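Presented below, as structure tokens, is a lone chain in the form predicted on its own.
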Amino acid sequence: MKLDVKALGTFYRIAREGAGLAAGRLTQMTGVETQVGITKLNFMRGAEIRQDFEDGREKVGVRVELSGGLDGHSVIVFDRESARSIVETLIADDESEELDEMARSATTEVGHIINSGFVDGWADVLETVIDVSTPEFVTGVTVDPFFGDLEGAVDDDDLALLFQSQIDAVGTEIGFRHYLFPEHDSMAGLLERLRTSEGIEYDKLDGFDRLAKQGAREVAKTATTLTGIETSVEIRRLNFVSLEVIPEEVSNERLVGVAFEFDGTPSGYLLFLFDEESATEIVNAMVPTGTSGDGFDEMGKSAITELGNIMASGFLDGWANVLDTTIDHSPPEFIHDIGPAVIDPVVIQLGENQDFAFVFDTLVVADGREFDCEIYAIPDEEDLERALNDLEVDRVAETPTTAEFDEIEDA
């Protein structure tokens, strides 16, 4: 299966179209105003889907099987509170806390209408017919009742193509997620039909995803050595998103960060983002005098910047080693601002030449102490395609990612 940025962009727009239809139908049925949140096209391993889904909360779902123009499964997942809100909206005198037969029927009907909205959006744009099976009501806390028994369900270590959309009802507690699992052969056929360039072999994207995770592990080792704070990597995912939604993904609070522009094959941008408490913890670990007042003095800025500089070298050197190329990065730029403002300049720069981006986002977490670091690696799409076409996947496991650095001396 070969991927193509234009084809993926078409899929992304289709998913947004389907989300809009689904939101409109939910409004018509319940009388509740809805809004479409972020739509994502994710490349996720089975283990990541499990981690993302299993938050300990009971969920209610409605799933259907698709055939015809697109084969796969479409699943609407509500948390239990949202399901109850839907029932109360449709059945005014229902005060039961349990989801009885009538409540299940109401939830299933709403879920089916929403599923159909998403599917009709796909069918309209693809100019095809997609058949939808009888809806199935599902409930549970873990991922297994929802996805575990699906034919071709992704294994923990396999990379799956997954569409997610979020729709929220304005002024209520109703919200849900939509998961679309297209079957491999069906999606491959659509990609072939829509592809306009040489494209990227799917296994090469799989290899690059593994490479990014290796780089993140290198970052965690570097942070542990430099700060003395034991850190590990929380695996996130590779997203294909519209540039305009990237700032919406970033926390809307004051963040401390270090930004880089990197040049080579590929080129792009790399950001390390800390919340203020984490950044303060890092400075206190690296500089005995810590920060002064509520901000970061020159010594504190220097510590954060130096840590970011060394982490960037470890992250990008691993890419360069495996890709057998040279990747240089700019001097580090210290940032202290509200989250979306931190990433807006990157989006503006990339937006001059492209509408979408592959975004590697990874979280480095401290064990037992406050130190969270979000890593955003956003390559130029044309450079990334060239790099991936030259990637030898076997080299990902064979080539070490190493970072060389000197200890920062106490000031």
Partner chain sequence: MKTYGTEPGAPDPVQVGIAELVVTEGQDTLRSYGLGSCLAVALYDPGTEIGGLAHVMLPNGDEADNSDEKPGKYADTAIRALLRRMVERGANYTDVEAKIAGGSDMFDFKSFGDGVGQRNVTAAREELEKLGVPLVAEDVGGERGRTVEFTPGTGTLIVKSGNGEDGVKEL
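Positions refer to the first chain, counted from 1. Because the structure is a prediction, the values reported are computed rather than measured.
As for the form predicted in complex with the partner chain, it is not shown, yet the points below apply to it.
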| task | Consider the chain as shown here, without its partner, and state which of Val347, Ile38, Leu363, Ala47 has a heavy atom within 4.5 Å of the partner chain in the predicted complex. | result | Val347
| task | Note which of Ile327, Ile200, Ala259, Met187 lies within 4.5 Å of the partner chain in the predicted complex, where distance is taken over heavy atoms; exactly one does. | result | Ala259
| Residue stretch of 220-228, 192-200, 246-254, 103-111 approaching the partner chain in the predicted complex, non-hydrogen atom distance within 4.5 Å | 246-254
| Does the 4.5 Å heavy atom contact test between Ile335 and the partner chain in the predicted complex come out positive? | yes
| said: Is it the case that Pro340, even though its partner is missing from this view, gets within 4.5 Å of the partner chain in the predicted complex, heavy atoms only? | reply: yes
| said: Taking the partner chain as it sits in the predicted complex, is Gly68 in contact with it (heavy atom to heavy atom, 4.5 Å or less)? | reply: no
| Does the partner chain get within 4.5 angstroms of any non-hydrogen atom of Gly9 in the predicted complex? | no
| query | Would the partner chain be touched by all three of Arg16, Gly20 and Gly351 in the predicted complex, meaning a heavy atom each within 4.5 Å? | reply | yes
| request: Give, in sequence order, every residue of 5-33 that has a heavy atom within 4.5 Å of the partner chain in the predicted complex, or say none if there are no such residues. | output: Arg13, Arg16, Gly20, Ala23, Gly24, Thr27, Gln28, Gly31, Glu33
